[in-house]
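Shown next as structure tokens: one chain only, the form predicted on its own.
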């Protein structure tokens, strides 16, 4: 049974039971990937996952039920389970359904043909060859992967909402392991897009160059320094602390930003953006998990917190409009909040000029322990790091095995300058993070 027929069966069952307020949410993903090691394919994966979630208002409570099986029998059972679940609930928290009749931005997406199995195989083997050919210091240990993916969402409800979304993408990931005879180092690169336009040689060279830069690294000296975070490192910090910008977290007392809208919370150099339509997003989308229209918005603008991220429920609590940031991690998940393409806006100077402004300090391009070493409630962090020393405005000695410590809320105010080299992190889903290089004053480094 396809989704359209299943949807109609669910609606008919809901009407038969006299249910006036309901929603059916569908999410499915199909993916194929092939991996290679030492010039040979070593893993093939093909999967199809997904299902539907039905929620309805019955006797003043919102009941939920979900299934992976799309059949006439399950359509009837799904509705009845949701009704039964509603009847045993004791929570009186309000629930909200999206309204139909909204206007949605048209997506500027140029589709491309997904690769078949043979094309995936050819690509992953060429990626392996490109890594080995990039440098004579490349040694065994690196892997490559090519993949294709199709993602579908549909939402229909009793308020006239009837939306659907489908998008597909392909990509390649390759890793490089290098050695100087005494130690090894590795790095990886990831790229999404049509295989016709992927430059595997360039991607391999970037991975190898990054891996080679780690060879011979020393331990950074302990002290308080100006720190330059690379685009990847700063994007990782944003991803770690993204929940502090959620109105749900703020209303639960899990963020210090709950009463800060309209106030200065960062340096004037900071503008933080959420953009569902960013040109480099692999999966732009015009509606959120509740069917509300999405939009580009400045979360922080020149240091001022303009808005938190809202869904229908948290917006109602705050007396505001939703920002279109409702999110479901899977078809069976409850509605939460998340950004789409969340990034620190680019500045006007190059990274080289940023380094000159730093003078003497530390350049961090790798952060580890982001879950164990970062407290998303207090904002405190102490993270394993690697990168380079900055001496007289230039990156010099590679350094590793040191920690950088500070507080994320304070860090926003300590950002002195933002470079122009905005990059999105490696991701293939709807939620992406990005940043340029940033110069932060006064962070603590613990090394030798």
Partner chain sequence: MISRIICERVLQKAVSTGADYAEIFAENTVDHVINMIDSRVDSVNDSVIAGAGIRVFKGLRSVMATTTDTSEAGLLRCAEKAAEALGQGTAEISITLHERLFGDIHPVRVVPSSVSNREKVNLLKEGYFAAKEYNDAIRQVTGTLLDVDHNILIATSEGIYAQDRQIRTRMMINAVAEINGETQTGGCRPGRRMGLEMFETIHPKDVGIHAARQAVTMAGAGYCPAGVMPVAIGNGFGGVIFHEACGHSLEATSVAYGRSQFAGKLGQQIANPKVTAIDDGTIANDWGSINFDDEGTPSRRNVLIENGILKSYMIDKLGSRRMGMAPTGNARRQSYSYTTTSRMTNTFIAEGNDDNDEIIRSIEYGLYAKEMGGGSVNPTTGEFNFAVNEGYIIRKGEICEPVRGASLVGKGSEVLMNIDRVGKGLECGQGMCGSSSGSIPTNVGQPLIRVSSITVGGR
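On a predicted model such as this, the values are computed, not experimentally measured, just so you know. What we label the rigid core is the largest C-alpha set whose atoms superpose within 1.5 Å from one form to the other. Residue numbers count along the first chain shown, from 1.
Only in words, not in the display: the form predicted together with its partner chain, which the text now covers.
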query	finding
Any non-hydrogen atom of residue 334 within 4.5 angstroms of its partner chain in the model of the complex	yes
Contact of residue 394 with its partner chain in the model of the complex (heavy atom, 4.5 Å)	no
Distance check, residue 252 to its partner chain in the model of the complex, heavy atom within 4.5 Å	yes
Close approach of residue 39 to its partner chain in the model of the complex, 4.5 Å, heavy atom	no
Among 266-274, 346-354, 138-146, 155-163, the region lying within 4.5 Å of its partner chain in the model of the complex by heavy atom distance	138-146
Heavy atom within 4.5 Å of its partner chain in the model of the complex - qualifying residues of 49-82	49, 50, 64, 65, 66, 67, 68, 69, 74, 81
Threshold 2 Å Cα movement between the shown form and the other one for residue 68, core superposed	yes
Residue shift check between the shown form and the other one, rigid core fit, residue 58 Cα at least 2 Å	yes
Residue 108 C-alpha moves between the shown form and the other one by 2 Å or more, core aligned	no
